[in-house]
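Only one chain comes next, encoded as structure tokens, the form predicted on its own.
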């Protein structure tokens, strides 16, 4: 992303969560009561007006984003029940889990890591929404062009503790060496039982073998957003990829698995999930 520009993608993802959250309780896949407040009025109006066109042009993308949120929410619930002591949200954007999950408070330290420009905007919005920022959330501004995740240590991160790393909507925007560096940090600086959950795009969607209009649009607008797609993992290779980097108990959810888990009801059967994305969680070996 551009050096002094808040992430446009972060607001777009908040928009997707807000749209799903606005549906009736029996129809929505995920629920984020704060998402709408991170979306500017003009984008909300535009998004509502063009949602039908966007769905026809890139079927299944909004469904994937909703399923991604729900999948990670579910995994976080399991982590809390399993006694995580730290939660690190990488590329936090306008993620609201630290404020939606009350069971985190008093039980786990939360670190939100993001680009300084985006984080400044988020903090200002949170102050308006919440009044006071929670004392158990630590904001860690990192510009990865000049800093590394080692900055976490100066902010109170403890490598001995059982930690969950959430890495949502980030890997596809990174170079391969940046992905490897992040996974190496997690594998080498997390306590027993620590885990990571992240989504990724198939390499075939980046080289054009798998067609996806949304991917073409994101590449086309790269000059405006400063956030172009760069990294993908070959379909069927995620287990090998993570095992080679120090992880085990690898559970991958592709579009079929997400469809079965979250879109099986009578109100959901007509919805599809974009086939070029997947989500995975794994524990540190």
Ligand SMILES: C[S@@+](CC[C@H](N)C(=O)[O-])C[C@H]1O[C@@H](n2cnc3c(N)ncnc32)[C@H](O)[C@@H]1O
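Positions refer to the first chain, counted from 1. All of these numbers come straight from a predicted model, not from anything done at the bench.
One more form of this protein should be noted, the form predicted in complex with the named molecule, which is absent from this view; the next part is about it.
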The stretch from 161-169, 100-108, 76-84, 180-188 that lies within 4.5 Å of the named molecule in the model of the complex, judged by heavy atoms, is 161-169
Q. Do heavy atoms from each of 115, 118 and 173 fall within 4.5 Å of the named molecule in the model of the complex?
A. yes
Answer key: of 207, 150, 127, 143, within 4.5 Å of the named molecule in the model of the complex (heavy atoms) is 143
**Asked** Wondering, does residue 21 line up within 4.5 Å of the named molecule in the model of the complex on heavy atoms?
**Response** no
Query raised in the report: Would residue 268 sit within 4.5 Å of the named molecule in the model of the complex, counting heavy atoms only?
Result: no
| message | in the model of the complex, is there a heavy atom of the named molecule that lies within 4.5 Å of any heavy atom of residue 16, even though the partner is absent here? | response | no
* **4.5 Å heavy atom contact, residue 274 to the named molecule in the model of the complex** => no
